[in-house]
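Take a look at this one chain, the form predicted on its own, written out in structure tokens.
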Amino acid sequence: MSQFENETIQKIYDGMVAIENDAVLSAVDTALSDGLNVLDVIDVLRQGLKVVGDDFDKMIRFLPELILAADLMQEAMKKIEPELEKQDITEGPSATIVLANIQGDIHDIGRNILGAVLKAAGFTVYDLGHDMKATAIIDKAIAYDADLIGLSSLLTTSLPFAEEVIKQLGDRDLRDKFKVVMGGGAVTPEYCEEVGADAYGKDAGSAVNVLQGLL
């Protein structure tokens, strides 16, 4: 039984879950040539990758499969990003944001997708990379005169370092200068509220509205 109404979107999802490179990349090409919404394509890729990740957590799949799925996601994004840059998805005020995976987390995919979507929405984006210490993130936010700090974490073990960013902002009398938004597989709305983050971003598409709402 099909999960999605659009056949091409279904093929992308099924291919991601099965980690079938040719099927996914061919379906992405079809989706782009047919003019399907780029954010919908990104979202279904993310959903398929999440299934693989969830299976890995349950020990149904193993690390090599997770790596292959992540590599496939990156290959698909290489096709999507040029089209994404052509999109005008600006719906409100834009600003400058620094993005980082916090200390202890080296997963780039979610942050890379968010950066591409935010650029398409008119944000100025400075991607600091992964495994970034709290002090370095704050120093870069100051240097770039950012309005927002975006923190991504896929691993629960790295979450204390996200809290450290907010604590250091307070200690340095900078908490009112930056809005802090968190997202990633390890992050929940409840955690954001607990540590005092300004907002939670469930995924790249919704994050645009969340950030613009903060402004």
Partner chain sequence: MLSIFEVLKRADEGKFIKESDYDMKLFRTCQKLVKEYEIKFDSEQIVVGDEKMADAVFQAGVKLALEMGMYQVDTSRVIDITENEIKLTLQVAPKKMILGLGRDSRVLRARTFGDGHPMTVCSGCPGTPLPEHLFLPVMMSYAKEPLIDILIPGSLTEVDGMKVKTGGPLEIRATRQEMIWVREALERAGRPGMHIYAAGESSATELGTLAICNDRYMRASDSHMIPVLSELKTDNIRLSRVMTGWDYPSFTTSLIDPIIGGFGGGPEGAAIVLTAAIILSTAVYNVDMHCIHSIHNKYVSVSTKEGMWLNSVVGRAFGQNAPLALLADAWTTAGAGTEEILYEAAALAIEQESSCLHTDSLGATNGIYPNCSGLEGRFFAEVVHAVHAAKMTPDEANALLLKIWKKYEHGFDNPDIGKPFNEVYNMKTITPLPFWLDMYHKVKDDVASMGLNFLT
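Residue numbers count along the first chain shown, from 1. Here the structure is a predicted model, which means the values were calculated and not measured. Under this definition, the rigid core comprises the largest set of C-alpha atoms superposing within 1.5 Å between the forms.
Just so it is clear, the following notes concern the form predicted together with its partner chain, a form of the same protein that is not shown.
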- Verify the flagged residues Pro64, Asn112 and Phe161 against its partner chain in the predicted bound form: is each one within 4.5 Å by a non-hydrogen atom? yes
- Item | Options 22-30, 55-63, 172-180, 42-50; stretch whose heavy atom lies within 4.5 Å of its partner chain in the predicted bound form | 55-63
- Message: Can you tell me if Gly122 lies within 4.5 angstroms of its partner chain in the predicted bound form, counting non-hydrogen atoms only?
- Response: no
- Task: Considering only heavy atoms, tell me if Leu68 and its partner chain come within 4.5 Å of each other in the predicted bound form.
- Result: yes
- its partner chain contact at Ala143 in the predicted bound form, heavy atom, 4.5 Å: no
- Query: So in the predicted bound form, does any heavy atom of Leu155 sit within 4.5 Å of its partner chain?
  - Reply: yes
- Partner contacts for 172-186, taking its partner chain in the predicted bound form and a 4.5 Å heavy atom cut-off: Gly185
- Task: Tell me, please, whether between this form and the one not shown the C-alpha of Ser206 is shifted by 2 Å or more, with the rigid core used for superposition.
- Result: no
- Message: Is the shift of Met182 between this form and the one not shown large enough to count as movement, that is, does its C-alpha move by 2 Å or more after the core is superposed?
- Response: no
- Examine Val195 after superposing the rigid core and state whether its CA is displaced by 2 Å or more between this form and the one not shown. no
- Query: Do Gly115 and Val52 move together or apart in the predicted bound form, judged by C-alpha distance changing 3 Å or more?
  - Reply: closer
- Message: A 3 angstroms or greater change in CA distance between Asp55 and Thr157 is reported in the predicted bound form. Closer or farther than in this form?
- Response: farther
